[in-house]
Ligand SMILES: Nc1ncnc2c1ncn2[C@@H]1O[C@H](COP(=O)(O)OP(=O)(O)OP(=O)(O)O)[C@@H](O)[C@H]1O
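Encoded as structure tokens, the following chain is the form predicted alone, with no partner shown.
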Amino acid sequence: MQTCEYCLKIENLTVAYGKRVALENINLHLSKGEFHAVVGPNGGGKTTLVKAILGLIKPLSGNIMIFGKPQKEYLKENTIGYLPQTHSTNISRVPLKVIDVVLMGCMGYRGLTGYRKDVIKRVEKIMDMLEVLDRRNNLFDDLSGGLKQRVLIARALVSNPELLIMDEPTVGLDVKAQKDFYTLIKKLREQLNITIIMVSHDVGFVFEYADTVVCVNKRVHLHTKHKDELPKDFFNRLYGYDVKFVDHRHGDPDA
């Protein structure tokens, strides 16, 4: 049986909200097992692209293949780990413990007498990997922003997905917390052998940590692994205004 090299193949994808075209003729191939970042201006279609991959919106045209299978077929048999933009705020309105939040990710594995032992074992393994196991009985709302994101990632991973998609997960985090977050993502990818797609606004960080950077503004304007390949005025043209590229390399006193 031939294995699939790609986690995602998108061909001629167009998505519209009424008469407004949000994505136009998107073609994108993303390799399996890598960390892919999606950047672009606000309103450029990044979140729409994520929703199309997840099957949350119906495109006007085009095809999406996930790990070699048609999207609908794949989603019937598999779960994609997903961390949306504002879920942390919604959960904070309810006084839940950290362990309760993580267990939301495996509700389908609950029987009449509770969760199976193998499910609990996996939950604890993921929480330990994300360094939140010792917070299992803390109230979720009492955690810092960085720890909340770790808990929500744990919830997205306990169903054992092949693909994890995150939409702007570092918003509100300071520079140190962002660096810690990206280091954690690298560890997760290596230890769990998963593919990660992350929407981000921080171009400097993603070019340091991501294997592939996809620039989206209605269309895919660039698909690259090296910032050195960028034309000098590329981001000015993509965003429509001056953009300063900030390099976050470790050990750089000016970073």
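Each residue number is its position in the shown sequence, starting from 1. The model shown is predicted, which means the values in this text are computed figures rather than measured ones.
Below: the form predicted together with this ligand, not depicted.
Participant: With the cut-off set at 4.5 Å between non-hydrogen atoms, does Asn160 touch this ligand in the predicted bound form?
Facilitator: Output for Asn160 is no: heavy atoms all beyond 4.5 Å of this ligand.
Participant: Test of understanding: in the predicted bound form, would Pro41 fall inside 4.5 Å of this ligand by heavy atoms?
Facilitator: Although this ligand is absent here, Pro41 would touch it in the predicted bound form, with heavy atoms inside 4.5 Å.
Participant: In the predicted bound form, does His201 come within 4.5 Å of this ligand, counting heavy atoms only?
Facilitator: It does: once this ligand is placed as it appears in the predicted bound form, His201 has a heavy atom within 4.5 Å of it.
Participant: So in the predicted bound form, does any heavy atom of Thr212 sit within 4.5 Å of this ligand?
Facilitator: No, Thr212 stays farther than 4.5 Å from this ligand in the predicted bound form.
Participant: When this ligand is placed as it is in the predicted bound form, which of 63-71, 41-49, 190-198, 28-36 ends up with heavy atoms within 4.5 Å of it?
Facilitator: Contact-bearing stretch, as computed: 41-49.
Participant: To verify the annotation, which of these, Gln85, Thr183, Asn78, Asn138, has a non-hydrogen atom within 4.5 Å of this ligand in the predicted bound form?
Facilitator: Of the candidates Gln85, Thr183, Asn78, Asn138, Gln85 is the one lying within 4.5 Å of this ligand in the predicted bound form.
Participant: Pick out the residues of 131-159 whose heavy atoms come within 4.5 Å of this ligand in the predicted bound form.
Facilitator: Residues within 4.5 Å: none.
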